[in-house]
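Form predicted on its own, single chain, as structure tokens, below.
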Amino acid sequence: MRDSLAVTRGGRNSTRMKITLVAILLLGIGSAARAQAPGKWPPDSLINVKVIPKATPVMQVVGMMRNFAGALGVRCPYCHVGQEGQPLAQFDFAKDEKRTKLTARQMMRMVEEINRRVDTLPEHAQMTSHVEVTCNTCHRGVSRPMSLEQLIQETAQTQGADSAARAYRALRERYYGRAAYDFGEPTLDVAAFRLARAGKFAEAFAMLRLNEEQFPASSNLATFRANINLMKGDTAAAIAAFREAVRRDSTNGEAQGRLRQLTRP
């Protein structure tokens, strides 16, 4: 474990060790066994421990689990055997029944390895603000840590443009203003471009129309539309879109250059 390693490292003072211990709490280590068989909460000791040292105080592990749940935006039943709303004493935290718990153990080990490597970066030990990777570094409040453009692209490809638009609006309603997803203009532009590269032109244009609801005056968005029309083989539509891009922003060099190429006598 990272705490035991920190104790053996030379040149680390007690403050550094305290910071390291706090970092462990933030690792989101949902895999470690929390408890004994159902019937008592909090339990007296840890059972079925695989990653967390068995001597770790129970309430410290409880804190780890809370950080884990917060980082992924989930609750106890996501990894552990039990029903939402029932007393924690009725959960069987020691069971390894759920795939998510087994995955969490692997993620714990991965985070530990990343942080070991981070500590070897040049001059890292002399930095006043140390880089620490935690579950929240990637998850940021969602269980599946993937970019919004990838999520929307996959949804459009597998379920269609309407489903992708509904997913985008639902995610924006729930997560806008938080770190989970980037709702800036480039997100749907990139998703549309990737869909076009996969030959999904109807879905690509649908994503651009959805984006235009949020950014109706964007020159960059019009440039994406033009380039996707070129990929589709519709030169006339591409020229019209490039002209719209220049109308929206006369300094759009890409649109100007493409227009010169496409309209050259």
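The structure displayed is predicted, hence computed values, not measured ones. From 1 onward, residues are counted along the sequence shown.
Same protein, other form: the form predicted in complex with a small molecule, not shown, and the subject of what follows.
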Original post:
Are any of the heavy atoms in Val61 no more than 4.5 Å from a heavy atom of the small molecule in the model of the complex?
Top reply: yes
Subject >> Touches the small molecule in the model of the complex: Arg66 (any heavy atom, 4.5 Å) >> reply: yes
Original post:
Could you tell me if Tyr78 has a non-hydrogen atom within 4.5 Å of the small molecule in the model of the complex?
Top reply: yes
**OP:** Although the small molecule is absent from this view, report whether Phe215 comes within 4.5 Å of it in the model of the complex, heavy atoms only.
**Re:** no
Original post:
Does every residue of Ala161, Thr187 and Ser219 put a non-hydrogen atom within 4.5 angstroms of the small molecule in the model of the complex?
Top reply: no
Original post:
Which of these stretches, 139-147, 163-171, 177-185, 117-125, has heavy atoms within 4.5 Å of the small molecule in the model of the complex?
Top reply: 139-147
**OP:** Name the single residue among Ile52, Ala226, Ala196, Leu208 that comes within 4.5 Å of the small molecule in the model of the complex, judging by heavy atoms.
**Re:** Ile52
